[in-house]
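Quick heads-up: it's one chain on its own, the form predicted alone, in structure tokens.
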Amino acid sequence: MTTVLVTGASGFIAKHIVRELLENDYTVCASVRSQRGRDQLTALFPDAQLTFVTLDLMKDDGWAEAFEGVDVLLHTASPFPSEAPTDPEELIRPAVDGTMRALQAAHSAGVRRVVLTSSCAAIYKDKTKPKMAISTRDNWTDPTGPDTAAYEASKTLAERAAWDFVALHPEMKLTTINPGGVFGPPMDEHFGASLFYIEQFLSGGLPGVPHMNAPGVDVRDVARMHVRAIDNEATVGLRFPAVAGVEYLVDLTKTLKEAYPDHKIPTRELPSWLLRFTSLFIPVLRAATNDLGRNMAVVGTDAPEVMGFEYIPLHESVRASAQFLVEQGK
């Protein structure tokens, strides 16, 4: 059986990847940072023969040993905060250095197949194209751009580092999966900042939403793409934006309002001037001011054609996120 090392295995996306791997008869080695992550996975998969390793993106300890008996690396681990840090390096260094640690250890161990979780954040802020032009897998975010957030820079620099590494080691076969905003049901109550914006919309704490669109995808499709890429030679050497649809935020909040009419969900767009003013007092809106006047759309049609699946509709994924949160009392 093929053994797959999944880094960051207790993450929102990674838990779905682990389930997809197990259902497709892969052997899984799960990397976690702490006993807490191990306990979460053990609770989710009590009958699975999971093995565990403890790894830190910023430390060398354990990486070489983690690849003993491993055939494939699925590198999902990367920091994903709900708010931008004061120092961008707090995100950039773990993302880039962690990716390099994983790839170097994999190469030293003779592991030649790698699937990396990147993001549409590494695509849609390409300074070489007009702001309102649609992006494709060929576009790259400018990590030094004045409107580029720390998270977007971290994902761009980490993915660039991965492609540079395999260019020097062509025997390694790399595929990257680049999701837009990831929605859908978490597998447990430990999902970090992944559904932060859905929580904010449901809470009624926002006066309105920015006039901006966003690419989105269901977490179950993202997991399916990672696993299907492993043995699909047609995916080697390519980036695959994971985008089921592109919607304006107000259309997504209207979907939520229809499902939960008793919640104070914002269903009007804020004018740009009001958004900028309101963002001075509501930090969650601050990042959106950088994206005004930009088309965030990314083409995601390549993945279903190459990997043989159909996306779960975006509005269905958003409703599934909200249903989980409401049932959890969020």
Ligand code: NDP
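The structure presented is a predicted model; accordingly, all values stated were derived computationally and were not measured. The numbering used is simple: start at 1 and walk along the sequence shown.
What comes next is about the form predicted in complex with the named molecule, which is not displayed.
By the criterion of a heavy atom within 4.5 Å, residue 185 is excluded from the residues contacting the named molecule in the predicted complex.
Taking the partner from the other structure, the named molecule in the predicted complex has no heavy atom within 4.5 Å of any heavy atom of residue 30. In the predicted complex, no heavy atom of residue 270 sits within 4.5 Å of the named molecule. Taking non-hydrogen atoms only, residue 13 approaches the named molecule to within 4.5 angstroms in the predicted complex. Here the chain stands alone, but in the predicted complex its contact with the named molecule, taken as any heavy atom within 4.5 Å, falls in 70 to 78 among 70 to 78, 229 to 237, 168 to 176, 204 to 212. Proximity to the named molecule in the predicted complex, defined as a heavy atom within 4.5 Å, singles out one entry of 57, 265, 296, 66, which is 57.
The contact with the named molecule in the predicted complex, taken as any heavy atom within 4.5 Å, belongs to 194 out of 139, 194, 253, 148.
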